[in-house]
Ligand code: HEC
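Shown next as structure tokens: one chain only, the form predicted alone.
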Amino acid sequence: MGKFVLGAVLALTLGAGTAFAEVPKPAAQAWSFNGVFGTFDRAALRRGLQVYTEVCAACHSLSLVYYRHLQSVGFSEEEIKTLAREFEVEDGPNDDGEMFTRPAKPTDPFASPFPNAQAARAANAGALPPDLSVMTKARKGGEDYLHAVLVGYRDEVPAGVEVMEGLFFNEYFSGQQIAMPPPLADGAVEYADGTKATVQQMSMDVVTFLAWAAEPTLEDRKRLGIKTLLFLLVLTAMLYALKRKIWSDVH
């Protein structure tokens, strides 16, 4: 997905004479999971998972999410097993005291693209690609901001803005210069459900998936909240009726 950390560091080291365009506020998007009764769009989640595994997973881990968690949003046990087997994870030690690799299991967290942080830095010009498990919670603006950054790359740079070598102009990123190359391009994936894979569509889908990854119990929490409110309303009505009954003979 990108090198947010490196981009931020380099943006802070830009010379004082470098001009910046005004960073616009990300537009609010119509996320299906917003609101008291909002839920995750299952089709968008599946597409978002596909974008993550085929694009983002090359650099970014999802270490706090386990494959088995996908069962809560409609994935069958066999689908989860098939997905997990596509990735290798380190395990061990074996009887000889050595570590070994094996196909991932549903009980494993999502496989990391690198064996350790040093390897990740070495492969990304010294930057450590952030884990995306709670990225929608870690950035101000949440889902709207992440979506804006993913679609905010511009080939034309505003007048007076000088983009440093190795960086890319992004309208919504802090400092507007980011080390992450544009991760999405029209047709970058071929959706299994036939949806046209535009940059806009892929961004909405993968951010929906990351929103679920950051809070997979969101729907359960909302259902519990609604049940609690209904219980309190009924209890309040019963207590009010009881109070009226008890004090009905008092004048």
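None of the values given here were measured: they were computed from a predicted structure. Don't overthink the numbering: it's just position in the shown sequence, from 1.
The same protein has a further form, the form predicted together with this ligand, not shown here; the description that follows concerns it.
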Hey, in the predicted complex, does F173 get a heavy atom within 4.5 angstroms of this ligand? yes
Might G152 be said to contact this ligand in the predicted complex, defining contact as any heavy atom within 4.5 Å? no
Does S133 reach this ligand in the predicted complex, with heavy atoms at most 4.5 Å apart? no
Does any part of R85 reach within 4.5 Å of this ligand in the predicted complex? Heavy atoms only, please. no
Quick one: from V163, A111, I80, L128, grab the residue that has a heavy atom within 4.5 Å of this ligand in the predicted complex. L128
Can you pick the one in A211, V65, L184, M204 that has a heavy atom within 4.5 Å of this ligand in the predicted complex? L184
Segment that reaches this ligand in the predicted complex - one of 67-75, 140-148, 88-96, 102-110, heavy atoms within 4.5 Å: 140-148
